[in-house]
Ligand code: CP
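What follows is a single chain, given as C-alpha cells, in the form predicted on its own.
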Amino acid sequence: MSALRHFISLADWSPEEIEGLIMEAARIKAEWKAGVRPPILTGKTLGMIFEKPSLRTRVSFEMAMRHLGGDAIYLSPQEVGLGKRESVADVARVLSRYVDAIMARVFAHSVLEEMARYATVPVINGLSDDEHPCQALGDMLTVYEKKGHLRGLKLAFVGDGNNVATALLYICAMLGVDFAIATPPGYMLKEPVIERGKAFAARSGSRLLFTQDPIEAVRDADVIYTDVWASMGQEAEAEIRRRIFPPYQVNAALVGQAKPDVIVMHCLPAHRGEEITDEVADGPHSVIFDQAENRLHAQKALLVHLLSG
C-alpha cells in the first residue's frame, strides 16, 4: 500500500500523476468495454458524504466501487450534519475506523481540508465551492478520447468563473492545454486561482486567456465548455445572473466561431435555454453524455490509485 494520499485539489498532484490517472482511466474503460473486469478493490468500502444533492457524483462513485469489486455507503446531509451535529474532525476520525476512503461533496472547501487533516484514510473531493477535480479528470479523459491527444489543444470556458472553471484551468495548465475563459465583469476566476494557473502554465507551455468576450475566447477552440450561471448555494443570485449572462450562452452562432470539429462540453445538470441551447446540447458537436459517463471511469482510476497502490 502506498503512503496516504488525498485528492482535495488538482494542485496537490503533479502533472505527471494527473496525466497518469487519465491514461489509466482510458485503459480501465477499454478493459471494461471488452469484458475484462478484475475485482481490484474487493473488500474495500468507500464512505460518501453529501452536503449537496447529486446525480452523477453519487452514482458514478457507487458504481465505480461496484465495478471494482468494492462497496460504497451513502451518507445524507441529515445523517452526518458536518460541523453541526458533529465536528468535521470527529466525523473524519470515526469514518476512518469504518471505511477505506471518504468521498465528500461539500460547500466550503475548508471542510475537506479539515477532514484530510484528521482522516487516516484517503479523502476525495467530490465537489466543493472552490474546485471540482473529479469532474476535470473525466473531462480530460473525454477530450483525449475525442481528439487523440491533449497537449496543444485549446479549451474555451464560457460563463461563470466557478469551481468547475477553476479545476479546468488547473488541469489544462498542468497538461499543456491552452485555456481561455470568458466571463461577465465581476465573475472572473479569483486572482489566487489565476496566479496558480499561470504558474502551472509557465512550466507546461500552456497559453492562457482571460477575457470578457466569448467570441474571442472560442476563436480556434478545439473544446467549448460551459456550466450553469448560478451554482448550488447561489440561488439568491439566480435572477440577477439571468439578466447578466445571456451574452455568454453557448448557442449555434458561438459554436460557429470555433474550429469546425470543435466539441462542446457541459458538466451537467444543464439549464437548457440559459447557458446552452437544445440545438447545441443535442447537436453533432456535443459530447456531454460521453463526458458524464467518463466520470465513472476516471474515478475508477483514482480509486485504484488511492486504494490499491
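The numbering used is simple: start at 1 and walk along the sequence shown. Small disclaimer: the values here were computed from a predicted structure and weren't measured.
What comes next is about the form predicted together with this ligand, which is not displayed.
Asker: So which of Cys267, Ala64, Val255, Ile28 gets a non-hydrogen atom within 4.5 Å of this ligand in the predicted complex?
Answerer: By the 4.5 Å criterion, the partner-contacting residue is Cys267.
Asker: Consider the chain as shown here, without its partner, and state which of Lys44, Arg241, Lys259, Arg56 has a heavy atom within 4.5 Å of this ligand in the predicted complex.
Answerer: Exactly one listed residue reaches within 4.5 Å, namely Arg56.
Asker: Heavy atoms within 4.5 Å of this ligand in the predicted complex: which of the stretches 176-184, 205-213, 130-138, 86-94 has them?
Answerer: Correct option: 130-138.
Asker: Could you tell me if all three of Arg105, Met232 and Arg295 have a heavy atom no more than 4.5 Å from this ligand in the predicted complex?
Answerer: Every residue of the spot touches this ligand in the predicted complex.
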